[in-house]
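First comes one chain, alone, set out as structure tokens in the form predicted alone.
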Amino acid sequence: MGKPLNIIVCGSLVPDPLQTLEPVTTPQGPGLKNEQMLPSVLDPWAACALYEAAALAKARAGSKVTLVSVGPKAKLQQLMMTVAQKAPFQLVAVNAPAGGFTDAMETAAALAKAIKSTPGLDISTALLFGGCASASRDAGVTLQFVAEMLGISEMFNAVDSIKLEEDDSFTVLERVEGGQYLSSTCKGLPAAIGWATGSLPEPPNNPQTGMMNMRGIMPALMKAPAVDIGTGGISYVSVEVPAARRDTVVKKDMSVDAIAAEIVEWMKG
């Protein structure tokens, strides 16, 4: 039996992908139409990271999972009513914008600062989890920025599996081209793991777990520091949904080669 684990999961809310997302220009910069009214979900890749963290923590007695989230406080509270029922964790919240136009470096700085201020957390023996991508700000670098700011040099991305030994050495499988995996072994912690979809299904809702989590979530939300996260040095002239183009031509008695040649000519035009 290995020693207890400290697993930090970076994950925030994103608009429900089943909703219509229309970018607009606001006085504060680019955003989404009726963004405050859109229902939110936990970012899918971050959710996989949370479930994998909970499974690892369950296998090591005394282990702790900390979810660090950046987002508007009111929307985080709504989201946690559902997420809290999925797995045991402690919440560290940062009250800040969380959208597709926020700067990855500023977001990472807010996350790193929140993690460093967590009482009793030893970064030198921690696992830093997060999604390999994001359904909102898919810069693909946020987790690596956080790891660097925390002094974690071992980074593995697009991971689907981790096998942790009792001496804290571990082996991960990272996705590479051609549907294959790169197997990497690390002698010990700390390390940062950017999860793909992992191997675990979404846990069922557990009201008892939810009630236990909410005892710590509500105070964490109440004391969440406010941070102003902008778009960095990027200036957006305008934002809009790409225009759809459809050219329909009805023809009969054409060969397959002729159809293919006409499609190629249309694409060239």
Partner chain sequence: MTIRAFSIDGDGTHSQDVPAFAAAIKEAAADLVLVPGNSRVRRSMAAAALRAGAAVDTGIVDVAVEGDMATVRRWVYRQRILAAFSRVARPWVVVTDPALFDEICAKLGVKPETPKLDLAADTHSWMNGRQSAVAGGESTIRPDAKMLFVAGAGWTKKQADGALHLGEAAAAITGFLARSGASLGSSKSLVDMPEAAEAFKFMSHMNQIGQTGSTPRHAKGLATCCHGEEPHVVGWRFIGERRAVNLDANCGWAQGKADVLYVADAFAVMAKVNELLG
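Positions refer to the first chain, counted from 1. Note that the structure is a prediction, hence the values are computed from the model and not measured. Here, rigid core means the biggest group of C-alpha atoms that superpose within 1.5 Å across both forms.
What comes next is about the form predicted in complex with its partner chain, which is not displayed.
* **Heavy atom contact within 4.5 Å of its partner chain in the predicted complex, the stretch among 217 to 225, 203 to 211, 40 to 48, 59 to 67** => Among the listed stretches, the partner-contacting one is 40 to 48.
Q: Tell me, yes or no, whether Gly120 is in contact with its partner chain in the predicted complex, where a contact means a heavy atom of each within 4.5 Å.
A: Gly120: no contact with its partner chain in the predicted complex.
Determine whether any heavy atom of Ala74 comes within 4.5 Å of a heavy atom of its partner chain in the predicted complex, and answer yes or no. Looking in the predicted complex, residue contacts with its partner chain do not include Ala74, since no heavy atom lies within 4.5 Å.
* To do: Using the partner position in the predicted complex, report whether Ala54 sits within 4.5 Å of its partner chain, counting heavy atoms only.
  => Output for Ala54 is no: heavy atoms all beyond 4.5 Å of its partner chain.
I'd like to check something about Lys187: if you look in the predicted complex, is any of its heavy atoms closer than or equal to 4.5 Å to a heavy atom of its partner chain? Yes, contact at 4.5 Å.
Contact residue in the predicted complex, from Ile115, Leu91, Val83, Leu173 (heavy atom within 4.5 Å of its partner chain) = Contact residue from the list: Leu173.
Exercise. Could you run down 77 to 111 and flag each residue that has a heavy atom within 4.5 Å of its partner chain in the predicted complex?
Key: Stretch hits, in order: Gly99, Gly100, Phe101, Asp103, Met105.
message = My question is whether Val256 is one of the residues whose C-alpha shifts by 2 Å or more between this form and the one not shown, given a fit on the rigid core.
response = Yes; that C-alpha moves by at least 2 Å between this form and the one not shown.
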